[in-house]
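Here we start with a single chain on its own, the form predicted on its own, put down as structure tokens.
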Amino acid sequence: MGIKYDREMLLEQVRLQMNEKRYRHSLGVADSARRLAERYGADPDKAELAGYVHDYCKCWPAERMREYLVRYDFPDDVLQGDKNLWHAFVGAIVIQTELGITDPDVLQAVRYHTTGRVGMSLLEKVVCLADYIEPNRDFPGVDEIRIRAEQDLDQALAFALGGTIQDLISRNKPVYPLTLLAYNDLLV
């Protein structure tokens, strides 16, 4: 069990891709993901690794991300969707091709950390939720999500996704279909 990598070298690469605030966020997600993984039975090493790299491309310009999406034939719903979601899809490609991270569990956790999806793996849920609750996050409802995260992973993630959906609707923004489906899936 577990995954081996050179932590210092990886963190050096991650730091080069983002600003200081995003880097601190990534460290917080890695720590939160490890703790959630230990609590709920996911692989803590994979959770931590996915946390470090989940926002690898977040600070990239949209046009650079678009180039990857086109090159790798992503469907139109991704290309026409909110650019804030692109970094997750692109990140899964880039961490594989440029960092050599090939573990499919880690790649999927990075790919779906912003949208969720139906049938999320335990690791995907852990990383997605860790992204919401890491200590540097401060938004209305985050403390409630943190409390729920200590009790029930699925309930906490559904609550978090529900809050995102409500926020998007209140701002007249489209909700990515995978997010709606993930939310519904977590409720059954």
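Predicted model, so just to flag it, every value in this text is computed and none were measured. Start at 1 and count along the sequence shown; that's the residue number.
The next section is about a form of this same protein that is not shown, the form predicted in complex with 2'-deoxyguanosine-5'-diphosphate (DGI).
Only one segment in the set 145-153, 131-139, 44-52, 65-73 has any non-hydrogen atom within 4.5 angstroms of 2'-deoxyguanosine-5'-diphosphate (DGI) in the predicted bound form, and it is 131-139. For the residues L79, L99, V118, L85, the 4.5 Å heavy atom test against 2'-deoxyguanosine-5'-diphosphate (DGI) in the predicted bound form is passed only by L85. When 2'-deoxyguanosine-5'-diphosphate (DGI) is considered in the predicted bound form, V175 lines it closely, a heavy atom lying within 4.5 Å. In the predicted bound form, 2'-deoxyguanosine-5'-diphosphate (DGI) lies farther than 4.5 Å from every heavy atom of R35. A residue is said to contact a partner when one of its heavy atoms sits within 4.5 Å of a partner heavy atom; L10 fails this definition for 2'-deoxyguanosine-5'-diphosphate (DGI) in the predicted bound form, lying far away. 2'-deoxyguanosine-5'-diphosphate (DGI) in the predicted bound form is not approached by Q17, whose heavy atoms all lie more than 4.5 angstroms from it. Contacts between 100-120 and 2'-deoxyguanosine-5'-diphosphate (DGI), taken as any heavy atom within 4.5 Å in the predicted bound form, involve H113, T114, T115.
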